[in-house]
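Given next, in structure tokens, is a single chain: the form predicted alone.
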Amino acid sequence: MNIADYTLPELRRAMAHNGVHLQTGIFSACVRSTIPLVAEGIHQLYADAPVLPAEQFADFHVTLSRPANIRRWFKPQVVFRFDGFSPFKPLPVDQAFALFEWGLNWCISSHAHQYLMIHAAAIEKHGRVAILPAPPGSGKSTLTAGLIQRGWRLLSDELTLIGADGLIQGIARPVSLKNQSIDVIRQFAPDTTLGRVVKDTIKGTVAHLRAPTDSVTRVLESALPGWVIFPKYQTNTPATLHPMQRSDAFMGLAQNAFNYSLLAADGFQRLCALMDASTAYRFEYSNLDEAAQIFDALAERRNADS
């Protein structure tokens, strides 16, 4: 059974009572909420995601609800709770679905230490993964959203998960777009599904892009690393790859890792193995069609050489 098998009223009722056991790749979350915007966002953007039986183990039990004070009605807010604990301050209720996404990222990055976790997108073609680490404002999510509309498989927009075997695991959840990126993707892929646009968040104006069906149905297919590419959006700049020293890319990944220090020697060894299997680049772009051509050429060249 998938989320799409529910009508929206059925999903609202299920989430308001026992919750919905949502599988997102290698993780599952039991999600409870009486806030309509949460159910609406999940119904629209997780339509292909499996729903597991209620009695099955869930990695995370999360609740989104209104606070038990005057802010329940006056300038209403939403509170995210994980196992009864609230790691964030309440937010305006119109940000409820965005808070669900941010909260689930927090759950994974705070607890899934069996993986080396890097703040980076991960996309795959021909069995090899391009890892895209970058700080906010670099155009990482815009590039990811564009490439998955041109045949690349989404593993993750925010968290690259590297197992002890060196394989990269998938999550394939909605891609978070911010500010100008929303209109860029609307123009680049007008038939894609974008969720509700929310203004005045801590990240500016945000909207979430539904992951392609193929990415969701193949989410449990892990893949080998192929490239580490640090993207940067530059206005009116031709799409260009600049080769990087592996040592510089190694340090860039370490700086973007959530738990590199926690994993200690194991984290170092996983990054070394990742860099041994990858080619490193810096990438500047302003046009998504040009970017797609360059990434496709990389994938075809690697596939021909293998």
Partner chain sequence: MQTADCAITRALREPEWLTHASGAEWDAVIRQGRRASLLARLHYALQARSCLTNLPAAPRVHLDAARVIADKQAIAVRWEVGKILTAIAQCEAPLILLKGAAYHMAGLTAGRGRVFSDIDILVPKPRINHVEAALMQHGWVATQHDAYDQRYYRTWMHEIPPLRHIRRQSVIDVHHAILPETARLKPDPALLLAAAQPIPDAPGLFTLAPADMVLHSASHLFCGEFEHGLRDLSDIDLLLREFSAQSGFWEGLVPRAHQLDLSRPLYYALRLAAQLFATPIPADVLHAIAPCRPSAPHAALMHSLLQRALAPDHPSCRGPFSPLALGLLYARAHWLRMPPHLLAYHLAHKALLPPKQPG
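Quick caveat: nothing in here was measured; it's all calculated off a predicted structure. Numbering follows the first chain given and starts at 1.
One more form of this protein should be noted, the form predicted in complex with its partner chain, which is absent from this view; the next part is about it.
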| said: Would you classify residue 60 as touching its partner chain in the model of the complex, given a 4.5 Å non-hydrogen atom cut-off? | reply: yes
| task | May I ask you to check whether residue 199 falls inside a 4.5 Å heavy atom distance of its partner chain in the model of the complex? | result | no
| field | Heavy atom of residue 111 within 4.5 Å of its partner chain in the model of the complex | value | yes
| Hey, in the model of the complex, does residue 261 get a heavy atom within 4.5 angstroms of its partner chain? | yes
| request: Find the only residue in 233, 102, 82, 227 having a heavy atom within 4.5 Å of its partner chain in the model of the complex. | output: 82
| its partner chain in the model of the complex: contacting segment from 36-44, 263-271, 277-285, 241-249, heavy atom within 4.5 Å | 263-271
